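Taking the form predicted alone, here's one chain by itself in structure tokens.
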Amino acid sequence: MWFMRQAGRHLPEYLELRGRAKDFLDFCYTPSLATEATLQPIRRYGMDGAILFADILLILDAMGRNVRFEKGVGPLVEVIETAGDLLKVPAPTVAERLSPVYETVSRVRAGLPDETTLIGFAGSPWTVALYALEGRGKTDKSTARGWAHDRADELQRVLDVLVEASAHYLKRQVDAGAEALMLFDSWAEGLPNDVFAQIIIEPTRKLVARLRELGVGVPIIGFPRGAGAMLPIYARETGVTAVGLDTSVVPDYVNDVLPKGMPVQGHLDPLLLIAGGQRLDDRVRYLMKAYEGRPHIFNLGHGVLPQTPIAHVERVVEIVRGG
């Protein structure tokens, strides 16, 4: 088990650490701080997996897209007009700009118990592209989705650029010590099935295939949040090793449509983790029982929220461990 955003604002030690950085990007690019943030939930909870403390938009920052994080607003990105805007910084320079991330990976691996897996990650091509096209995440996504219809060829070029850059970024993480990878497609929901195939499945398939071409053999978890009925096609056609499940997924459906023996990850509701009590206990046990027939990484359906009580996380760990 491990929890998405397990290193974050629900931990007082994280908040103290966060205060040492000039801003969020400085936090991500300072290996000593990012390493400590990654290790904190392992020390506190004994999770089986540590996920690299970074952000899916670092790759756009390295590409020169002027990424910044505004309090109360979230990430803001200088929008692109064409795929060429992502090629203004040479690929070797992009990789070099991200070298602090690889140093963090190396430091974390050295600081983890041998039995704890280190998970590297990146945003999936569509989710990263969406920020580059919209300039921010809190929109109706119509600009980016519109490209899929009226600028499909140019969107394909954007996605291809991100596939190649992400493949090398992830390979460098593995070279530095990551033992598994996760691809976050946080904005996969609400897409028509033909568009989903075009901008979610195909770029993910290309990214997984490119990683394998580069010699990356570690497991890859794909998380197409909100995929719904497209989940079995995603699992079958992208080449991912395991599938992350969001909060809305029904276990019986998963067991019916996913390949037998395919690992799944998820999908406890983060809001239930805040509420706690008997409903939390019952749901944890239900999810564990539901996936007894296949490999199951116990996790949330999205990230830990800032107001989550530490005691509730500890309770879930206790139940999963057999309490």
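These numbers were taken from a predicted model, which means no experiment stands behind them. When you see a residue number, it is the position in the sequence shown, counting from 1.
Below, we turn to the form predicted in complex with a small molecule, even though it does not appear here.
- At least one heavy atom of residue 74 is located within 4.5 Å of the small molecule in the predicted bound form.
- Although the partner is absent here, residue 254 lies well away from the small molecule in the predicted bound form, with no heavy atom inside 4.5 Å.
- Mapping the unseen interface onto this chain, residue 29 falls outside it, with no heavy atom inside 4.5 Å of the small molecule in the predicted bound form.
- In the predicted bound form, the small molecule stays beyond 4.5 Å of every heavy atom belonging to residue 269.
- Residues of just one listed stretch (66-74, 286-294, 260-268, 273-281) have heavy atoms within 4.5 Å of the small molecule in the predicted bound form: 66-74.
- Not one of 98, 105 and 169 comes within 4.5 Å of the small molecule in the predicted bound form, counting any heavy atom.
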